[in-house]
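In structure tokens, one chain follows: the form predicted alone.
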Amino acid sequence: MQATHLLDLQNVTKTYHMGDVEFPVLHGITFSVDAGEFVSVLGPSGSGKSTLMNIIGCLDVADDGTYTIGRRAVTGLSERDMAKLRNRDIGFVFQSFQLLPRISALENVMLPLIYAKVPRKQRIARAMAELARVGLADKADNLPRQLSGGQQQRVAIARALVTRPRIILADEPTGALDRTTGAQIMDIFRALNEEGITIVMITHDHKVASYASRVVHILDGRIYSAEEYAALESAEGGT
């Protein structure tokens, strides 16, 4: 029996429209991710990786092709069903942290559980456990402005983990951090993956991408092998 990929995209295309003008962004994207993998999607600005992230995260839909999470087809789902799938199966970590500034680190981590209608006592216990997991149990009562950038990103990681999703989707998670702090955040992702958590990370940084066990290269809305990608990068750099 053939194994089922956790994520599977087949011939995914996406075109945006502005009036009568079309802007093709993704051209027949095909790749898959198995449970427990740590995969980075590497590409420069304008390569289509953010659009791809939105489709993987069920924040947008493909124009053509198929996308499945586990055995469930995402293609054709209603917005409501996509929201349920997104909230249950995917934890998001963003470049800008996206923490609510007026509530504590603990309350920020608890937010997804409020939407999931988890009882308060369980919310607190699970949020504290995830803060401890990222080394911030002693910062539970701090507001985001009282935390460093690296600490804020750790809170964001704890928030992504608290619903126990099947996939962590990280969008340029070190983009707002200095290199040393970014390396510390990547060490956390690597440790989480060693625990068996599936991670898909979007990045433009080769060094950050190297933390993953596998790199998917995207350029101009197409997937390339590492060799093809390097050759195209080199050619563009010489023009």
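What you see is a predicted model, and the numbers here were worked out from it, not measured in a lab. The first residue of the shown sequence is 1; numbering continues from there.
Separately, the form predicted in complex with a small molecule exists; it is not shown, and the next lines address it.
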Which among 43-51, 176-184, 193-201, 63-71 is in contact with the small molecule in the model of the complex, heavy atoms within 4.5 angstroms? 43-51
Spell out, yes or no, whether the shortest heavy atom distance between V25 and the small molecule in the model of the complex is within 4.5 Å. yes
At the 4.5 Å heavy atom threshold, is E172 in contact with the small molecule in the model of the complex? yes
